[in-house]
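The form predicted on its own is given below as one chain in structure tokens.
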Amino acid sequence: MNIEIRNLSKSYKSRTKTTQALRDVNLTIKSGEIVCVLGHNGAGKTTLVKSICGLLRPDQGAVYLDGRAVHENLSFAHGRCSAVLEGSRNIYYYLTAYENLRYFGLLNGLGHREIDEKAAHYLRLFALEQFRDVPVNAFSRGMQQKTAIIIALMKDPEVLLLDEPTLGLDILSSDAVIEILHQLASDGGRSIIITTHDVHLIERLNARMVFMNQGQVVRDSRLPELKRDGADRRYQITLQLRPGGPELPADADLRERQGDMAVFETADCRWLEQVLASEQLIQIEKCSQSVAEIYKAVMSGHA
């Protein structure tokens, strides 16, 4: 399902102040696309997610699902969107895993046989099959998060909204969720929007990244493009230090030093031009930026 967000703004008002959560946000998300939304706490990520599925009414602008305005077609939106908000709020802790799936399945109009088939499939897929009849309040944080995601998938949503989906998951469980997300996007044609601070998740998804700051979109690009752009500006240098020869550049980020041998990173192109013909230069290669480095550069306005 295609999602179009046009001029979306939302503020929260109290007696003493007004907080602008979203400021004129414009985004288009295609069917089958995975989008990671990043930003500091309070950047507007959760407000954006809640606006897309109709839980919040914007002050101005609108969200469109396949051309239909969400807040003029709430039943349509609720029938096609599923959301997992931070804290696994879509589960009842005193019910077992299966009872949760059955309850929400019936709530969404699924038949008993369909519920059983889907519950068996997803419990097996998320490695929770043996915990089918265990109360959710006995689960670990990661197991509860898996249960919450399964509940969101029971009605086969065309739009899946996940707020910190790997919170509490170990690396193996996180990898399993990532593979499932890839499969859901490619096989089912779902639009998947994820808010996250999980660097491992972002690296593995290798998807489109939307950076938000103070309610605005400040960068919208795919991870490979961001890495390539950043790599063009930083180099790793292996240099032999000699008396009277070139000194390390002012911005040198020293990685290793043994005797007169130094390995460091720099973005000082003028310094590089001066040292390229030097016999002290042993090796030069472009750096591959990490997600954390990309995030810092974008949020500081340097990317």
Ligand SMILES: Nc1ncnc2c1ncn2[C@@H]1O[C@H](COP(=O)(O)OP(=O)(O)OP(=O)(O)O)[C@@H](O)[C@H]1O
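No experiment lies behind these values; they were computed from the predicted model shown. If you superpose the two forms and keep the largest set of C-alpha atoms that fall within 1.5 Å, you have the rigid core. Numbers for residues come from their place in the sequence shown, where the first is 1.
This next part talks about the form predicted in complex with this ligand, which is not shown.
The partner is absent here, but in the model of the complex a heavy atom of G42, alone among G61, G32, G42, P246, sits within 4.5 Å of this ligand.
When contacts are defined as a non-hydrogen atom within 4.5 Å, all of Y12, T19 and E164 contact this ligand in the model of the complex.
Contact annotation for T47: at least one heavy atom lies within 4.5 Å of this ligand in the model of the complex. Looking at H197, you'd find a heavy atom of it within 4.5 angstroms of this ligand in the model of the complex. E203 falls outside the set of residues with a heavy atom inside 4.5 Å of this ligand in the model of the complex. Although the partner is absent here, E86 is a contact residue: one of its heavy atoms lies within 4.5 angstroms of this ligand in the model of the complex. The candidate stretches are 269 to 277, 63 to 71, 253 to 261, 34 to 42, and the one lying within 4.5 Å of this ligand in the model of the complex by heavy atoms is 34 to 42.
With the core held fixed, S14 shows a CA shift of 2 Å or greater between this form and the one not shown.
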